[in-house]
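To begin, one chain is listed below as structure tokens, in the form predicted on its own.
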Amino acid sequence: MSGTPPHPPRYVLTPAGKKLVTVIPGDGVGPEIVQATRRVLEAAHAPIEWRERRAGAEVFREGLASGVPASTVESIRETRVVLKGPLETPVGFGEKSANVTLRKLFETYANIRPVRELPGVKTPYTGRGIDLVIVRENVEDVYAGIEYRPTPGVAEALKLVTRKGCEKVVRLAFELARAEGRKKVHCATKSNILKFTEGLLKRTFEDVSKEYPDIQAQHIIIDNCAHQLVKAPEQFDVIVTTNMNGDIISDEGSALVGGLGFAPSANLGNDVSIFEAVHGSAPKYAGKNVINPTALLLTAVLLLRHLEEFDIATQVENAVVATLAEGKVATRDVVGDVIAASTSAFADAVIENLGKAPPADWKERRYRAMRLPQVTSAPGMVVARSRRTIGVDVFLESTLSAAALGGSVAPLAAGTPFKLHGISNRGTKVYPPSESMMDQVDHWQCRFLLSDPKAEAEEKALLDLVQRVSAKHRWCATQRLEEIDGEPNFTRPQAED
């Protein structure tokens, strides 16, 4: 694809033939579970050379607002692969989450969350054969963190969904299905309500799915997906979804198989990939050697597959599964505090079980290297064939009633090519008067459209209109209204015919 640079290798080899990995022990219980995991990988003879670096609470306390030192960033750029313990974002200092900073800094655009029933971990779903993967877009949607308070009592967030972001995560979902021998991918969206943003993922999914005729592609509304995950989770193979939807249903998924203590994850990008357990830093248990390391051990299995060490990955996974199945050494989240094994004792048991076959009912999957998506790096991925400006939305702060505001604003368009088409409040048309009985706030969307529907608005006329309105009312924001390839780039408010 034009403008698409070749991807660098997914890992770096040392002269001794080992694979470089940056390891961040993290906060709270992080150093204990990272140490346990490293011991297991070393016992399995994984050819890894570790580069230990810092991030998180300790760095925040030193006054670095991002929580991620330059030396850590440099190491990640060099190694391209990270194994990370949980990071804390302290209350009262620091700014953004160091976890989110790392994901965005290195464009790890897909979060991979396997959800699989484990032997020895009893849940209401035991015996159902749950084995699915949730693929969550990882850097945009409302998690882009673009928020405003346009009036003192109103807050808004920009839900940013792009064709490029959708295409990368959708392609990765299909490639993951192929790499793991899976046959079905569901795309879960709220496109019945959010036609443009969630709808963009649905449309991209439908386009890209044509290139994967060997994989069954099916769309599902996200609330039905959440319902079906509780009702019949065994029907799913791979689910791809937007960022916030994925955040919610991936935690739901982990609850089906035992909780966050058994939830591995990978944040995959084309240049850098970060592997981490899903659970938090649990500071009250720090240093007590009591936390279940299973989530990070299974995360390390994902790491080994990314490094194309498939045999070692299977050996480690089988050892973890065998240890859980035996039930001789179980952590507090499985058996309670009285008879619980320590973090280090569980790791010792896994090491002892290296080379042991998993239980007879454990289905081993055959994995192959996943092909990472090739998507253009050009900023303008989608190019319109035609565009025509037809109006503008002006968002105002006002304590007037809808009728009074309409009576004040409509005459301001006199002498311009525009007319006031309507005013909405909280997404519902309120002027001209409608049947709406909704409560109103001081944040109004005033829509002006060209009087001549076949004309095209000039920039000078748009600016003149906004200036006229702002001379009389406090404006919060404006949005250009266009037809792109003959279709409006805006939605209509509720209650508008």
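All residue numbers are counted from 1 along the displayed sequence. Values in this document were obtained by computation on a predicted structure and should not be read as measured data.
Below, we refer to the form predicted together with a small molecule, which is not included among the displayed structures.
The stretch from 303-311, 232-240, 403-411, 97-105 that comes within 4.5 Å of the small molecule in the predicted bound form, counting heavy atoms only, is 97-105. Proximity to the small molecule in the predicted bound form, taken as a non-hydrogen atom within 4.5 angstroms, holds for one residue of K164, H186, R171, H279, which is H279.
A heavy atom within 4.5 Å of the small molecule in the predicted bound form is found for exactly one of Y148, Y125, Y285, F196: Y285. Although the partner is absent here, T323 is not a contact residue: none of its heavy atoms lies within 4.5 angstroms of the small molecule in the predicted bound form. Contact annotation for P86: at least one heavy atom lies within 4.5 Å of the small molecule in the predicted bound form. Among heavy atoms of P358, none comes within 4.5 Å of the small molecule in the predicted bound form. The shortest heavy atom separation between L260 and the small molecule in the predicted bound form is within 4.5 Å.
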